[in-house]
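The data below hold one chain only, encoded as structure tokens and taken in the form predicted alone.
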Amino acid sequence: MGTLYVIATPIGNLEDVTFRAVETLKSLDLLLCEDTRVTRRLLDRYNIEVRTESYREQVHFQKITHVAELLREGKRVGIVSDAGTPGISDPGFRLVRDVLAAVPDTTVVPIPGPSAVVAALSVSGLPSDSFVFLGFPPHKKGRSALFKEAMSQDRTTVLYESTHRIEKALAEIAALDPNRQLAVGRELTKMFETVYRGTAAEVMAALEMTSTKGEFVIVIAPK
């Protein structure tokens, strides 16, 4: 049977890719990408020639039969997301699940590397021996419930948030506990990487002095 490689790629800085990831990418028969145009930048940077196909949640059921057939033929298939580790707040887990259901003898190999969750935790200064990751909060339904869950934790909690909703997220945190300590990473590993620390109000004031543009990771101290 073939092998499915779950390959972590940089969350911003292309130099964060591992030697093993580069060599694995070069060896594949097929690479499944969240967005082939995004992945192409990484492939071109390291002169990697590999056949690529788009793989997103919306086309999962169209792709799984094709991927399973390749694995039955003994092929080497890889999956990457646009940034970070596939399967972490990402539909990649469905591919692993359904490949193993269709072709149980498939070897699934992790090629570990960058993860925005771990990057933010490592510089947060908050306890990381036990933590909860809740991904992206819903836009509407269930959003308030998720923030209440996050703020009730006895462990450090990590959330992702977009540039369009970071101010709303900080306001919701402040309303639940104005004194709770946070570490908020913006554009981690990229040119304008910044880590803000303090209460939600203090972080918001700092963002207003710099920028609310970018991708955010919010790390919330235990209650």
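So that there is no doubt, residue numbering starts at 1 and follows the sequence shown. Just so it is clear, the structure is predicted and the values come from calculations on it, not from any experiment.
We do not show the form predicted together with a small molecule, though everything after this point is about it.
Asks: Gly78 versus the small molecule, in the model of the complex: is there a non-hydrogen atom within 4.5 Å?
Replies: So Gly78 does not count as contacting the small molecule.
Asks: Wondering, does Ala83 line up within 4.5 Å of the small molecule in the model of the complex on heavy atoms?
Replies: Yes, contact at 4.5 Å.
Asks: Please check if Tyr5 has a heavy atom lying within 4.5 Å of any heavy atom of the small molecule in the model of the complex.
Replies: Tyr5: no, not in contact with the small molecule in the model of the complex.
Asks: Should His164 be counted as a contact of the small molecule in the model of the complex, where contact means heavy atoms within 4.5 Å?
Replies: His164 lies outside the contact set for the small molecule.
Asks: Look at the stretches 96-104, 68-76, 111-119, 140-148 and give the one with heavy atoms within 4.5 Å of the small molecule in the model of the complex.
Replies: Partner-contacting stretch among the options: 111-119.
Asks: Just one of Leu25, Ile11, Ala200, Val17 has a heavy atom within 4.5 Å of the small molecule in the model of the complex. Which one?
Replies: Selected option: Ile11.
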